[in-house]
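Only one chain comes next, encoded as structure tokens, the form predicted on its own.
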């Protein structure tokens, strides 16, 4: 699947359940430079609301979009400038 974003890194947290997708996403975002985009692949349906809530409450993080398909939830998160 092609993405509309220039993805810097992909984080695969398939099989992990709450809170690990958010914990690992935060850790991966911390390692990126401003403006870079992280693609997160998860199988936990709760990751949709968990990552959205985390991004809304976290300064310096922008949730670009979320997609669902074939049992995989894709989250696109950018580290703010």
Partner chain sequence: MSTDTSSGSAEETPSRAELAARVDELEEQLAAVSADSDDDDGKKMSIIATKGTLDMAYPPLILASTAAAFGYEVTVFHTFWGLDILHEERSRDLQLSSVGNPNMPVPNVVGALPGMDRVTTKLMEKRIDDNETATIEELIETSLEMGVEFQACQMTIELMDYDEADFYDGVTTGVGAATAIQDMADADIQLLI
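None of these values were measured; they are calculated from a predicted model. Residue numbers count along the first chain shown, from 1.
Quick note: we don't show the form predicted in complex with the partner chain, though the next part is all about it.
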item	value
Check all three, 42, 66 and 71, heavy atom within 4.5 Å of the partner chain in the model of the complex	no
Heavy atom of residue 58 within 4.5 Å of the partner chain in the model of the complex	yes
Touches the partner chain in the model of the complex: residue 46 (any heavy atom, 4.5 Å)	no
Interface membership of residue 17, the partner chain in the model of the complex, 4.5 Å heavy atom rule	yes
Any non-hydrogen atom of residue 35 within 4.5 angstroms of the partner chain in the model of the complex	no
